[in-house]
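First comes one chain, alone, set out as structure tokens in the form predicted alone.
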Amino acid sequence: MVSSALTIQDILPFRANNKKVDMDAFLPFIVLPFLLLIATISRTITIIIMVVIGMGVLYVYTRPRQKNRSPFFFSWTMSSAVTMFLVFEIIILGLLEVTQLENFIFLLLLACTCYFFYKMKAIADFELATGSSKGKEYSPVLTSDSYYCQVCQIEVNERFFHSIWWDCCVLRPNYVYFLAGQICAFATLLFGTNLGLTTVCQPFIFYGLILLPEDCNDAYYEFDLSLGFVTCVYGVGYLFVIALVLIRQLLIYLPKYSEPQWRKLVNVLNV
């Protein structure tokens, strides 16, 4: 019989060599809600907080890629999603102006977004774990169809780019899920932020049943209204970033992804 003994390191969740990693993964769930709470003070503070967050994102993109090996960015994505979801479901719905049908559509879009991004990460993890994305023989010398990911620190084939916000490489096998996830995320944020802003602000009829926010001067008079408002403003900023990502996909990576399919079609037509 083989006996085993548990040590203190096996019991404690925070080991010495994992403290920094654990802190990086946990910090966004404290920082983001704190910033949004501070932003509820006044319109000027809201603008300052949003500018600070935007400058932080720009700083991340200007840093060398190898310095972005941290779970902080993926945790920031998750904390953003969780925070905006909770504010919508607790505060915005609590104002009793969003219908059950509108909430169902929002939850359906959110579920599609979660599914596509889950599949994207699962396929990326499977491809890298099984080695199928490395080719038959792994070599530190790069070949013509391979790329060295400075964040993952591994050589992969059919790599498009590395997403630090989802903490995985986007490869040919999971690119469709990445693109579908971004489209669903854009639709979810567009629908959710519009519902939120037309609830906390005075809306006007844009066309038919479509409402848009018009007057938000009363948003800071009550805490729940101000928190819903600044969260929607943060969501609009996130919406702008996703729009830039989709434009980049349309101009750069979508033609690269569809090129082999077009070649096959041309070859079939030329036969």
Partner chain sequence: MRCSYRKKIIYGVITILIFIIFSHPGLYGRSSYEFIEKHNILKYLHEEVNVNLTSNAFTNCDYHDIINDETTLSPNLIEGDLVEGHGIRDGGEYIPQDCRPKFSTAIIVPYRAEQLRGFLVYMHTFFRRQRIHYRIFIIEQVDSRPFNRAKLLNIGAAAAINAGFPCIVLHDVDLLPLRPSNLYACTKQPRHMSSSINKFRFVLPYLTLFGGVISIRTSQYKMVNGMSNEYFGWGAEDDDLYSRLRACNFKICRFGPEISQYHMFSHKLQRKGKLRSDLLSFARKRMAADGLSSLHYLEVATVLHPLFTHIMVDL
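Positions refer to the first chain, counted from 1. Everything numeric in this text was worked out from a predicted model, so none of it was measured.
Below: the form predicted in complex with its partner chain, not depicted.
For the candidate set I205, L244, I30, V52, a heavy atom within 4.5 Å of its partner chain in the predicted complex is found for exactly one residue, namely I205.
Checked against its partner chain in the predicted complex, the candidates I123, C168, L179, L195 yield a single residue with a heavy atom inside 4.5 Å, and that residue is L195. At the 4.5 Å threshold, heavy atoms of F240 stay clear of its partner chain in the predicted complex, well away from it. Though the partner is left out of this view, T77 does not reach within 4.5 Å of its partner chain in the predicted complex, counting heavy atoms only. Although the partner is absent from this view, L211 contacts its partner chain in the predicted complex, with a non-hydrogen atom inside 4.5 angstroms.
Contact annotation: F85 falls within 4.5 Å of its partner chain in the predicted complex, judged by heavy atom distances. Of the stretches 22 to 30, 220 to 228, 37 to 45, 52 to 60, only 220 to 228 has residues with a heavy atom within 4.5 Å of its partner chain in the predicted complex. Contacts between 104 to 129 and its partner chain, taken as any heavy atom within 4.5 Å in the predicted complex, involve F104, L107, L108, A111, Y118.
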